[in-house]
Ligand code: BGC
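Only one chain is shown below, in C-alpha cells, and it's the form predicted alone.
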Amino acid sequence: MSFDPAAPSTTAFVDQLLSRMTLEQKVGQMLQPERMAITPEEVARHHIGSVLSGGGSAPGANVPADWIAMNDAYWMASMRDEPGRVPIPLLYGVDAVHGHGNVLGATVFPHNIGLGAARDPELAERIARITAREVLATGVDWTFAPTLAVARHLYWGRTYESFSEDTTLVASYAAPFVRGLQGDLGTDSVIACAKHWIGDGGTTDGRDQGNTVISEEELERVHMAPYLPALEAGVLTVMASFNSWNGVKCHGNRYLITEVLKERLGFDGFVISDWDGVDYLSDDPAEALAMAANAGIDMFMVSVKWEQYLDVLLQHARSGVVPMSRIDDAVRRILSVKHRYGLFDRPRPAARPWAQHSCLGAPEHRAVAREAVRKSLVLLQNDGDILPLSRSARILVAGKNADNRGHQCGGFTVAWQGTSGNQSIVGGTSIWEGIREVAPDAVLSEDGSAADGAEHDVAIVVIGERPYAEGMGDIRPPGTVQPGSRTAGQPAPLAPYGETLELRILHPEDLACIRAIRAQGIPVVAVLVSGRPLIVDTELEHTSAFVAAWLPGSEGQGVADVLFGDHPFTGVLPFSWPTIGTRWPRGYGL
C-alpha cells in the first residue's frame, strides 16, 4: 500500500505521543460522537478523537461559515494545551457520498448507480476531487466514501449507493475514487473511508442490515475484491458493516476485521464502526462494546451515548476485558492516520487554504456534475427514433419528478432521507428547468391535465421514486420488518419503501399521468428517476421512448442535453433490468 504508517517518522511520532497519554486520553481518541450530542468543552475534557455530522445534521444556517466556526471550536478544544493534557487535533467526518450533500449550495453529483452506468472511472476520480475541495471549504477533514458494495438484490434500499451488481465494475471505481479524495494527502485532500466491510450488498432478499449467507470463497470473490484496489491506493479508513455474514454480525467478527482485513490484507489504517453499529451485538451494552473492540473496531461512531461508551471502555481496559494491547493498537492506528494525513501540522480550520473558498457549488464543479448526468443516462426504448427531440417542437413536460430537484438528488442530500421540492437544493436545475432553458416554448403540467393533442407534439413525463435512504428504501413483503437479521439490541424497525418493484403499484400516479397524455394522442418520452431498476412493463407499453436517469443530482440540465441531441446517449445498464417480459441484461443501452 502507498500509505505506510510504519514509516520511521510516523512510528517515532506516535510512540512519543502514546508514551505521554493517560488511559482516559487514549480511550477518548476511540470515540466519535455526533455533533448534536457533544460540546467543544466536552471534547476537551474527554480528549475526544473525532466528531461527525449524521445525515441532515448541520450547524447554524448550514452555510460554509457556520461549518467552519463549528469545526474551529471543536479543533481549538481538542488542541487545548494544559498540564497533563496531550493536544491531539480532532477529525471531523461527514457523509459526502455524492458531493458534499449535507451543505446548502453544494454540487450534488449523480449517486453511484449513475456513475456505474457511465462506465467512466476517470470521471469518478474528478468527482471525488471536486467533492474533496467542497468538503475542505467547510473545514471538514473526512468523508465516509466510497461505498464499495456490490448490490445483488434490487430490493435493497441502498442499491443506488452501489456502482454495479458486477464486482469488476465496482472494483474499477475504487482506486480512482480514493485517489480523487486523498490525492497526495496534502492540503487539497480529505480522508477517504471504504465501506461497508463486508458483504452489505449480498444480504438475503436485499434486506438492509440483514444476513449474507454465502461461502467464504464467494464473499472474497464478489464482495471483497473491490476493496483490494482501494487498499492498494492507500485508503486511510474502513467502515464496518451492519450486516451479518452467515449469522455473525460484521461489527463483532474478529476474523473478518482483524485476521482478514488487518493481518492478511495488511490494512494499517483504522476501522470505524457504523452509526451505533456496536449496539446490536448484544442486549448487554458492555458485552457489545467488548465484542466490537476485541474484534478490531478502532473508533466507535456514537449517535448520543458516547459518555456510556467512554465509561464502559475504561472499565474494560482496567479489568483486562479489552486488553491494553488492543487499546494501544487502536489508538496507534488513529494517531498514525492523523499524522500521515498531516493533521498535526495543519492550522485551525478557519486558517486553512480552502476555508470558505468560493468553490462550493462553483460553475466549473457543476459543469462536471452535468457531464456526469449526460454520461449516466441509459436509453431503454426509442420507438420510431422519436429521440432526439427538436427544440422547435411543441413540448409538454409532466410528471411529479419533472420540477423537483430534491427528488432527483435522492437520499443523503440535505437530510438523511433526502428532501422534496426545489427550495432545499440551492443552485442547480430541475429537469424541467433544464428543458425550459433549451426549449423555451415548452409547457409544464405536473399531472398532465394541460395535455392537448392539438397543441402538443410530444410530452416528456418525468416519473419514478421519491427519495429514501438505507432501510427505508427496502422493498419488503407484507409482515416483514427491517432490520433483518439483527438478533440483539432493540432497534426501531424502519418502514420499507414498498412491497414490490412494479412502478404501476408503487406509484400509480405515474401511469395515470402517462395514460392521460396518451389519451390525447400525444407521444410520450418517459424519464425514470429512481435509485434502482424497476419493473415498468406497463409504462413501456404507453411510451415511445424510455430513459433511465437514475438519481442525477443537482444538475438536471444534463438530461436536456441528451434528450435534445446536444450529446448522444452513451450510458449502459450497471444492473440487469427486471421486466415481466424480456429482461434487459447488464450492459444494455441503445
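Note that residue numbering follows the sequence shown and begins at 1. Since the structure is predicted, the reported quantities are computational estimates derived from the model, not experimental observations.
Keep in mind that the form predicted in complex with beta-D-glucopyranose (BGC) is not shown, yet the notes after this line are about it.
- Considering beta-D-glucopyranose (BGC) in the model of the complex, the lone stretch of 190-198, 109-117, 376-384, 444-452 in range is 190-198 [heavy atom distance within 4.5 Å].
- Contact with beta-D-glucopyranose (BGC) in the model of the complex, defined as a heavy atom within 4.5 Å, holds for exactly one of 207, 370, 158, 338, namely 158.
- This chain lacks the partner; the member of 268, 403, 274, 502 within 4.5 angstroms of beta-D-glucopyranose (BGC) in the model of the complex by a non-hydrogen atom is 274.
- beta-D-glucopyranose (BGC) in the model of the complex comes within 4.5 Å of no heavy atom belonging to residue 298.
- Although the partner is absent here, residue 242 lies within 4.5 Å of beta-D-glucopyranose (BGC) in the model of the complex, judged by heavy atoms.
- Using a 4.5 angstroms limit between non-hydrogen atoms, residue 95 touches beta-D-glucopyranose (BGC) in the model of the complex.
- Using a 4.5 angstroms threshold between heavy atoms, residue 565 stays clear of beta-D-glucopyranose (BGC) in the model of the complex.
- When contacts are defined as a non-hydrogen atom within 4.5 Å, all of 52, 55 and 470 contact beta-D-glucopyranose (BGC) in the model of the complex.
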